[in-house]
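This document opens with one chain alone, in structure tokens, the form predicted on its own.
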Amino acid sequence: MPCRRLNALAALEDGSTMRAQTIFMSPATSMAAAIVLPPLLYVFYTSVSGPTGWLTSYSEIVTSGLFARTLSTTLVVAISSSIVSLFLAYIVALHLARQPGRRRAVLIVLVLLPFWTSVLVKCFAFTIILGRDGIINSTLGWIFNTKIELPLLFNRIGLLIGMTNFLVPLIVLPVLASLLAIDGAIYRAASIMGARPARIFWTVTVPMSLPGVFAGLLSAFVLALGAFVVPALLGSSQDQMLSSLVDFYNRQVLDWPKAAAISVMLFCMAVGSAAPLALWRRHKV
């Protein structure tokens, strides 16, 4: 009987908490829906209102070789840039988690510093750094006393460098939050049991930081799917992504139903990529 009463009280408390959260979040949710939903619905309407039929734009796009190549490039670039960004961001977050509070605050400001600069400005800065006569090639040429022209720009390498620079700060913060939430007593208990630092990292730190890892990886992947400026300025013509294809149909071909259809597909891909994280969180709960 006492256990049943405790369970009933816990369920009642959880229900009241959810109702309170719904009440407080409803104004912001309603405002966001009023701002976001009308343009999304108009894009969807445009995608199915082609002159030759409701789903003609979708069928023509799906059977297009250009769309297949662009989709493959988009997925490869989004996945590879997200994985590389996660690797670098985890190292940064791990270093920040081990710093004292004041020093960590200063370093977090440095991590967020790229957000204060426009993506367009950073891309033009990379053209100076990565160009054939840029800073990297000039420095290597001075060190080895010969002319070096490494192809670091207008190819997949330059695109991944630019995407990584854009995505790393987005992953650092959720990973850092998960690392700071780990109780220090767990590390002390593992050390007392004789675990070495490498074993503690793989059996304690990594598993307990997975929520932040998945959240940061999902955010990076979704933003990488819709990236436009970085591929347009740092990639080659073979590295154009779905966002560039939307621009092609919208401004050059003037085929707005196809542009809208690709936009809807891109939106569905972004929403669908959040499903594994939601299922994983529900399973953990």
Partner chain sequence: MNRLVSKISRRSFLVGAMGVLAAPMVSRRAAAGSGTVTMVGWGGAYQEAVQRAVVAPFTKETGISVNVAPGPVLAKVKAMLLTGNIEWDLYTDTGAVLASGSKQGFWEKLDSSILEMKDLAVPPTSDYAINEISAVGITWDPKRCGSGRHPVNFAEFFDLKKFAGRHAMRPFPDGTLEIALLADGVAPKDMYPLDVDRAFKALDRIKPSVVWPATTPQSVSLVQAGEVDFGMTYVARAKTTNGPGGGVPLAFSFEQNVFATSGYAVVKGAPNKENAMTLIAYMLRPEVQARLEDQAGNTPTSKQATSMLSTEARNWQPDLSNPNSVMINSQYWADNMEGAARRFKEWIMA
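Numbering follows the first chain given and starts at 1. Since we're looking at a predicted model, the values are computed, not measured.
The next section is about a form of this same protein that is not shown, the form predicted together with the partner chain.
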Full three-residue contact with the partner chain in the model of the complex, heavy atom 4.5 Å, for R132, L233 and S237: yes
4.5 Å heavy atom contact, Q252 and the partner chain in the model of the complex: yes
Y58: touches the partner chain in the model of the complex, heavy atom cutoff 4.5 angstroms: no
Interface membership of S219, the partner chain in the model of the complex, 4.5 Å heavy atom rule: no
4.5 Å heavy atom contact, L176 to the partner chain in the model of the complex: no
The partner chain: the contacting residue among V168, L96, L153, V213 in the model of the complex [heavy atom, 4.5 Å]: L153
Candidate stretches 102-110, 75-83, 191-199, 123-131 - the one whose heavy atoms come within 4.5 Å of the partner chain in the model of the complex: 123-131
